[in-house]
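The chain below stands alone and is given as structure tokens, in the form predicted on its own.
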């Protein structure tokens, strides 16, 4: 589904990615782990067109996505939930969700998608008329993911969904991520600082170090890797 080859991204004179290559197959959860500044979020931004690479290619279903406008990428099945949620705090939960379907024609289809998202996140149904700014951090993260799911993406990019959340809420969010993958068939590319949780949820993983892929393997193998355990899992 997604193939990234030899991706080089720079911010001015600072090179953030040095030839990153990875793939996510249909129906997989693939996670990127690594230290802060390793290039994980930059990789997601390059995939969704938020930053332009100096070199390399990003292909979705065999078609290059470089230079494709964001609304066309959404129509091609890609949605990006950035770090920090970025919900509209002054709009209601319903309004935030409906904005996620801005490329959809027909009120009946929007209503059907809304019903499905609220089934995935019942807590949002309970707060449908509340403004986004009154929600807890966990509820705002659910809203951000739900808004992306209104586009019915085939590829969902998630950037640090656990950021700033209490452990119980983190586990709830990750249960929903696994459910979206399992029930909706959505392919997910996940960036997450909690390496153990990310690898426990994903099918495969990539370890990024200073803008390069240092390791790539099935998630269970990475969980057992002495190198990964020492560097990212607090084990020796």
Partner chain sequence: MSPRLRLLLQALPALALGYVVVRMLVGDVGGGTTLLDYLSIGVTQGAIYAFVALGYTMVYGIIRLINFAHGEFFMAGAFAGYFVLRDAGIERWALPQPWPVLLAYLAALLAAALVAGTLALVAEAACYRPIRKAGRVAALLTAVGLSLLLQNLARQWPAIGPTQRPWPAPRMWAAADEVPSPADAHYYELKTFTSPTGERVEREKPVVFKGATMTPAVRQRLAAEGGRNVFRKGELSRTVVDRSIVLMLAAAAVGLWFLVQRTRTGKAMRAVSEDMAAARLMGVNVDRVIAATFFLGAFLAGLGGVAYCAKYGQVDPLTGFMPGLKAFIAAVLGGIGSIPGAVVGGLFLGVSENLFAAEVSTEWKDVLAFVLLVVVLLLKPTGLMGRPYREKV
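Numbering follows the first chain given and starts at 1. Keep in mind the model is a prediction, meaning the values are calculated, not measured.
Keep in mind that the form predicted together with its partner chain is not shown, yet the notes after this line are about it.
Taking the partner from elsewhere, every residue among 74, 80 and 95 has a non-hydrogen atom within 4.5 angstroms of its partner chain in the model of the complex.
Listed stretches are 26-34, 66-74, 204-212, 183-191; the contact stretch with its partner chain in the model of the complex is 66-74, by a heavy atom cutoff of 4.5 Å. Only one of the listed residues (114, 125, 91, 165) places a non-hydrogen atom within 4.5 angstroms of its partner chain in the model of the complex, and that residue is 91. In the model of the complex, its partner chain lies within 4.5 Å of some heavy atom of residue 100. Its partner chain in the model of the complex comes within 4.5 Å of a heavy atom belonging to residue 48.
In the model of the complex, its partner chain sits within 4.5 Å of a heavy atom belonging to residue 87.
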